[in-house]
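Next up: a single chain in structure tokens, the form predicted alone.
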């Protein structure tokens, strides 16, 4: 039982590549701080995904490291945010989705294994995009009036960032990975990252800064930057490409910064692409940019892939997070 609890907590932490149970517990606190329903959905979704993987006989090291829980966590919380956390239909769909995403993860892993690539959050993106596009067509699960589909339009509103906008954006970038816009929730998430690994925490901060600067330089509306919707993908990209899937050094740092900026620009493109169908960007920019940059990495001898390390729950868990490179393939 205790082993399962630890696997669930690591599953929450693996949203940010960290197989660290204490970090997972802090992430749960952050979700509860945003709303008790989101904390419950996050834990239950992760538990269902982990249990489904065990039932289907997935390799024990993947389950122990939390690699079968993070997509399920995001699916459950995403369903709660977009379908309304207070509805029974949402709870049932979230539980079902958390189980089904385990199958999607297996399928994605088999396909991407051909190129020795991790799944990242691709399974969650596929599930969540399908949900937001399809849900308005079913009266028993859609409770939000009109659907999410909308025509795209040019950005509007002031683009000048105030000091308040800047520090709100910095912390909200971490919270928006879990759909939460509150800056204080992002602060709790950031604390959880630093608890697992100082290196991962620094790279998360680098990603947030790069996302904010890129969005400002391109003229994104200040309100969107401040609520974190322009920078959260940059956070994930920076963490993934410097210290997790590529060895952390000056070369991978520069590579990750460029990729984080690219993900910020792609966020607007994905928002425009999905808007007419009622979809959402989710972490599609992170997934697409990270996969492209990882595919390209072997062409650049100065960039090195780390050797697979055993799952760990140590104070410097970023090294253990590299397990996702091999295990997710």
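Positions refer to the first chain, counted from 1. All figures in this text were calculated on a predicted structure; none of them were measured in a lab.
Separately, the form predicted together with a further copy of the same chain exists; it is not shown, and the next lines address it.
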*Looking at the partner-bound form in the model of the complex, is residue 54 within 4.5 Å of a further copy of the same chain by any heavy atom?*
yes
*Is residue 50 close to a further copy of the same chain in the model of the complex, meaning a heavy atom pair under 4.5 Å apart or at it?*
no
_With a cut-off of 4.5 Å between heavy atoms, is residue 230 one of the residues that contacts a further copy of the same chain in the model of the complex?_
yes
*Does any heavy atom of residue 102 come within 4.5 Å of a heavy atom of a further copy of the same chain in the model of the complex?*
yes
*Which one of 255, 179, 170, 194 is close to a further copy of the same chain in the model of the complex, taking close to mean a heavy atom within 4.5 Å?*
255
*Would you kindly say which of 34, 294, 287, 28 lies with a heavy atom within 4.5 Å of a further copy of the same chain in the model of the complex?*
294
*Just one stretch in 183 to 191, 162 to 170, 196 to 204, 220 to 228 has heavy atoms within 4.5 Å of a further copy of the same chain in the model of the complex, so which one is it?*
220 to 228
*Contacts with a further copy of the same chain in the model of the complex - residues in 98 to 115 whose heavy atoms fall within 4.5 Å*: 100, 102, 103, 104, 106, 107, 110, 111, 114, 115
